[in-house]
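Next up is one chain by itself, shown in structure tokens, the form predicted on its own.
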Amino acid sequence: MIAIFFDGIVQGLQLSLLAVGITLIYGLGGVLNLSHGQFAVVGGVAAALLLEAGLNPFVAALGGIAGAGILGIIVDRTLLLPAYRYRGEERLLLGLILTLGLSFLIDGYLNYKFPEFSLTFQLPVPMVEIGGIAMRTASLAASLIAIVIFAGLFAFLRLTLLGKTIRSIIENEVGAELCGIDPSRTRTVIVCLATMMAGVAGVTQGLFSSLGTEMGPEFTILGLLVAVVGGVRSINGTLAAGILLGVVNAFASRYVGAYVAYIILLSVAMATILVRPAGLLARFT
């Protein structure tokens, strides 16, 4: 029981890593990125290619994460520019169409180019015992990485000047512009940061499971689910929703199977949204 609960927390932290990028991009840019899961896969594929080139696994993982961030910058400065010319619903709808098309493009290319791809990292010590419970070191490593990233993100947003600038744009983009803040440059930084976190989620997926090129749409759907349940403008809510849904999914998968687990997951998400339509924590925090 405890082992299943821990696996659920690990899954939840990975879901939160995916979803927080969606939250940041939507909160700052007003664009709901439907290709976010594909950035996670790109990060994993880039890491695998660097591994095949003979690089150290740690360096390869960093390279894959950086690759996802670079792709995010390119997309932000090219594909999303037409959407940024609008505000409100027009920006949201155009962003949905553009990122949906991008997701099809990335999926098609990766599945064609790397049909047999699978990323798996092997740690030297596979299992450790904590309090009499055997735990996978890969799960512990993935959890620690996610916790460190979230702690760094909270510190960045609350303690740095750039973080406070980001918060001001999310609260009032027009007001921030009147104060001399350039939302365009700040958006690019956030898109890069968000896609790098997606890359981290893709790479760490290879730690405790395996990553395939076909997993992009699944990542996007799960990320959107967590973001909506937590509140699409709330980082705290995203973290809480990810852990909640991860634990629910772990127990459901163990006792009723993966297919029914997805139905239960969606049911819990729907029930949460009915009770809290704006999400668990609607405010940007």
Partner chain sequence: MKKYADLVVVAVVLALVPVLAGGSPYYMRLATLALVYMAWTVAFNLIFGHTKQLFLCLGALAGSAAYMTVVFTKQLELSPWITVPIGVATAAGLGALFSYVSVLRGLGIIFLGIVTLAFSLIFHNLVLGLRQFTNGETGLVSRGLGFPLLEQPMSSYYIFLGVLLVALIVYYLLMASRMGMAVRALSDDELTAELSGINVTWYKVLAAAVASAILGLAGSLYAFYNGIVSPSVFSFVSVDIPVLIALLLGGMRTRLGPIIGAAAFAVIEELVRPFGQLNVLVYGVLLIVLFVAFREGLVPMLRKTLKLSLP
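C-alpha atoms forming the largest set that superposes within 1.5 Å between two forms make up the rigid core. Just so we're clear, the structure is a prediction, and the values are computed from it rather than from any experiment. Residue numbers count along the first chain shown, from 1.
The form predicted together with its partner chain exists for this protein as well; it is not shown, and the discussion that follows is about that form.
**Asked** Which of Glu177, Glu129, Glu90, Glu171 has a heavy atom within 4.5 Å of its partner chain in the predicted complex?
**Response** Selected residue: Glu90.
**Prompt:** Just one of Ile243, Leu28, Ala250, Val232 has a heavy atom within 4.5 angstroms of its partner chain in the predicted complex, so which one?
**Reply:** Looking at the other structure, the residue within range turns out to be Val232.
**Message:** Let me test this: is every residue among Met1, Ile9 and Leu123 within 4.5 Å of its partner chain in the predicted complex, going by heavy atom positions?
**Reply:** Looking in the predicted complex, the three residues Met1, Ile9 and Leu123 all stay beyond 4.5 Å of its partner chain (heavy atoms).
**Request:** Select, from the options 184-192, 139-147, 197-205, 104-112, the stretch whose residues sit within 4.5 angstroms of its partner chain in the predicted complex by heavy atom distance.
**Result:** In short, 104-112.
**Prompt:** So in the predicted complex, does Leu153 come within 4.5 Å of its partner chain, heavy atom to heavy atom?
**Reply:** No, no contact at 4.5 Å.
**Item:** Partner proximity in the predicted complex: Ile74 to its partner chain, non-hydrogen atom cutoff 4.5 Å
**Value:** Heavy-atom contact with its partner chain at 4.5 Å: absent for Ile74.
**Message:** Under a 4.5 Å heavy atom criterion, is Ile97 part of the interface with its partner chain in the predicted complex?
**Reply:** Heavy-atom contact with its partner chain at 4.5 Å: present for Ile97.
**Item:** Close approach of Leu79 to its partner chain in the predicted complex, 4.5 Å, heavy atom
**Value:** Flag for Leu79 set to yes.
**Message:** At 4.5 Å, heavy atom to heavy atom, what parts of 214-234 sit next to its partner chain in the predicted complex? List them in sequence order, or say none.
**Reply:** The stretch 214-234, when checked against its partner chain in the predicted complex, contributes Ile221, Leu224, Val228, Val232 at the 4.5 Å heavy-atom cut-off.
**Item:** Shift of Ala53 between the shown form and the other one at or above 2 Å (CA, core fit)
**Value:** The answer is no, as the C-alpha of Ala53 shifts between the shown form and the other one by less than 2 Å after core alignment.
**Message:** So that I can tell if Ala269 moves, could you say whether its C-alpha shifts by at least 2 Å between the shown form and the other one after the core superposition?
**Reply:** Comparing the forms between the shown form and the other one, which are aligned on their rigid core, Ala269 does shift its C-alpha by 2 Å or more.
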